[in-house]
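A single chain comes next, written as structure tokens; it is the form predicted alone.
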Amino acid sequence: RHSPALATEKAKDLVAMAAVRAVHANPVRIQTTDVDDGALVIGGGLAGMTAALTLANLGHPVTLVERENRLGGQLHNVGFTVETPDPQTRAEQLAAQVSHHDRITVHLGATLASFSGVGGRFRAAIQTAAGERVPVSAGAVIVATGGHEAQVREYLYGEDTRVLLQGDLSRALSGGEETLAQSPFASARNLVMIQCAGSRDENRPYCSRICCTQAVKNAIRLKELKPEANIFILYRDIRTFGMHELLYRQARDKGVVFIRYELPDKPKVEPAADGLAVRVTDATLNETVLLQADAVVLSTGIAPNANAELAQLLGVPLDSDGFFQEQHPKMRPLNFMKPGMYLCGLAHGPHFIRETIAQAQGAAMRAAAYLAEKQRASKLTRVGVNKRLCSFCGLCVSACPYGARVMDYEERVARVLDELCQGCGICAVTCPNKATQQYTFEHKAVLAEVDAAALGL
């Protein structure tokens, strides 16, 4: 703005570049496809039921597939949580709402037998418990297949009945003194909890995020029911983030003892004459501590279900830990790379109940926004292929992150699936023969634009 003459010259150059580019531009044919109004939800746990109800309440027909014979998923295995005092009742209430909703079709004891199509026009077949194959058409798909409490083979778990999991303790404490009296913890006066059991190591390197809060709230509940109990929590890092930090402080105030250990010196659990002997090297004191325990409780975290077969069928990736991989952890945390496909809940990774509900509602809203477009138009910036120049090398197929390039072995050319192409241009850059060109960015037009800028035409 301080040099009007230079600004005018720059404007002239930009107009000249645009004019030269327009001369070499080719018309782009817009392709439209109809979008099915329904949605397919895979998984009938908390995330799947929440997503299905959200979509159905927005007016979309939903098909829900659950491989077990009842809805609810892991809610049936959780004794109590900080956010939900009675998960079983909540599971029954949600299951009743889903089962009686006139826009939701539920298939229990069923699996996905086949899957094909593109966003807006997915085609699937469901294998029911009766052995029938039910065809399903859907415009969007939500994956909510859940996870499960991880199992370990250390600290004598599976060998000694006094070594249990946090889930066992949570269920024992869920009904107060009545359920506690009928559990293996009824006579336990000295109890040791070991955090990160089978987690954050070479076999399972990730943190499940919920384990510390689960251990602390179980310790608080047990202290309330049995104030005389001695509770020790052996931890590597206490991760009671957010407002859950108040639970950690409350546990310390009630007399729960926290001892920090490091991975090279993991605790050792051995049978003893009067119970179990737990040896741990206190990382703060740098001394070995011997604890006598009536019971040992392991925090094992959350493990993914067997997702490989379903991921291959759907054509979506898994991360290195076995959970479904989102498109981008910050920008698109609920989307797959494939348009019209979304994920939520424990299928995505370990989450608290509140986070699972928020994710499920978010995935449902994204799917609803996608389904709201009755017709979807192909991208203006998608790519095309010059068959004469294509050498059938396949580099574009391996480079495309959206699966929009396929090899046509009959005509020996790498084709473009217009419905999947997002116009990123990666395949056009990869192509060694310039056979792949991006519409609105053809080579002649771009080079002419560069010449106009360089020569000042």
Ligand SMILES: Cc1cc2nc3c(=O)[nH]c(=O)nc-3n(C[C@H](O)[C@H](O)[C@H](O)COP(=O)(O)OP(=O)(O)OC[C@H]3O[C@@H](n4cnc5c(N)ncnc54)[C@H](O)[C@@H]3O)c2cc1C
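Worth saying up front: this structure is predicted, and the values here are computed from it rather than measured. Note that residue numbering follows the sequence shown and begins at 1.
There is also a form predicted together with the named molecule; it is not shown, and the following applies to it.
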*Out of Ala138, Val78, Val280, Val296, which one falls within 4.5 Å of the named molecule in the predicted complex, going by heavy atoms?*
Val78
_Among 116-124, 331-339, 92-100, 347-355, the region lying within 4.5 Å of the named molecule in the predicted complex by heavy atom distance_ = 347-355
*If you check in the predicted complex, is His148 within 4.5 Å of the named molecule, heavy atoms only?*
yes
*Can any non-hydrogen atom of Glu68 be found within 4.5 angstroms of the named molecule in the predicted complex?*
yes
*Does Ile302 make contact with the named molecule in the predicted complex, using a 4.5 Å heavy atom cut-off?*
yes
*Is Ile42 one of the residues lying within 4.5 Å of the named molecule in the predicted complex, judged by heavy atom distances?*
yes
*Along 8-30, which positions have a non-hydrogen atom within 4.5 Å of the named molecule in the predicted complex?*
none
